[in-house]
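Just one chain follows, in the form predicted on its own, and it is written as structure tokens.
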């Protein structure tokens, strides 16, 4: 079952093209990392998914037109923006009471459980909390809603590395159930790699990379060679080559590992390595077939 399906999605702001004919499909029950540099189109794509902005092209989210049927969509979708928008005068306990009263899918017990792992006091006002605490509160409230789709835009912004790790562990162990779909837009690539089922790189308003983590393990391979094996390795047409610590690292796509193993050391590239290859000025060369 598809959770999100978009074809030819286009959005312009004056002369600026934010989305340039994006095609993307996300199946239900996946945890998808939406990754790209500033201005790449991530926020515009999230806004289109959530029905916050109209776009040209076609998009369906949970089977609905997000712009025309947003009220219905948001009964089963939850969004955490990169900047928490809770009123500064609101007390923590009042935020819990409010959601418990107005949202039929909010679970107070779950929210209390998330907050029990923090130092946030129930009587505190949002305006008296640190930036990290506000982010924690916002996330605890959102993750306590039984939504089919959770969209997170830089969800750990303002949190230190310890809290970021705890958040992603809670997201994976306490929230995700293989039926919910989670879309995470973030710059912290290495921190989320271990929880993702899929990775989408966006650059210049286009999807430049869209693979499952399983596909990355089977389709992509890095070969580390010394100078003596470099030319032989290049003849096998790597999609990218870089030099580091006196060695050459060549990235291959859809090459049999047995064919490469005789030339050097093999390893699976991590997401940040692939990101550097596919995004920005290097992406145009890769999309053309060579780097």
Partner chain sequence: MNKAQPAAQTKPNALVDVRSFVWSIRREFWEHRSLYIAPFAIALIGLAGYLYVLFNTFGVTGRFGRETLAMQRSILFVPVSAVTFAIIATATLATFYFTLDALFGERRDRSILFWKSLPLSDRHAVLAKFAVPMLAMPLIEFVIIFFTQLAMLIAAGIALSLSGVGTEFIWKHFPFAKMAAGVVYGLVTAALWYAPVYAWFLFISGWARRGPVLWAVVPVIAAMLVERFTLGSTLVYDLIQRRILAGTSASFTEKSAAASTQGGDARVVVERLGETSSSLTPDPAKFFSNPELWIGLLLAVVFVIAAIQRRRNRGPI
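Computed from a prediction, not measured in an experiment: that's the story for all the values here. Positions refer to the first chain, counted from 1.
Missing here is the form predicted in complex with the partner chain; even so, the following discussion is about that form.
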- request: Consider residue 99 of the chain shown here, and say whether it contacts the partner chain in the predicted bound form, taking contact as heavy atoms within 4.5 Å.
  value: yes
How about residue 81: is it within 4.5 Å of the partner chain in the predicted bound form, going by heavy atoms? yes
Contact with the partner chain in the predicted bound form for residue 75, defined as at least one heavy atom pair within 4.5 Å: yes or no? yes
Exercise. Determine whether any heavy atom of residue 193 comes within 4.5 Å of a heavy atom of the partner chain in the predicted bound form, and answer yes or no.
Key: no
Which of 204 to 212, 116 to 124, 178 to 186, 164 to 172 lies within 4.5 Å of the partner chain in the predicted bound form, heavy atoms considered? The stretch 178 to 186
In this chain shown alone, the residue from 230, 28, 52, 266 with a heavy atom within 4.5 Å of the partner chain in the predicted bound form is 52
Of the residues spanning 90 to 116, the ones with some heavy atom within 4.5 Å of the partner chain in the predicted bound form are 90, 94, 97, 98, 99, 100, 101, 102, 103, 104, 105, 107, 110
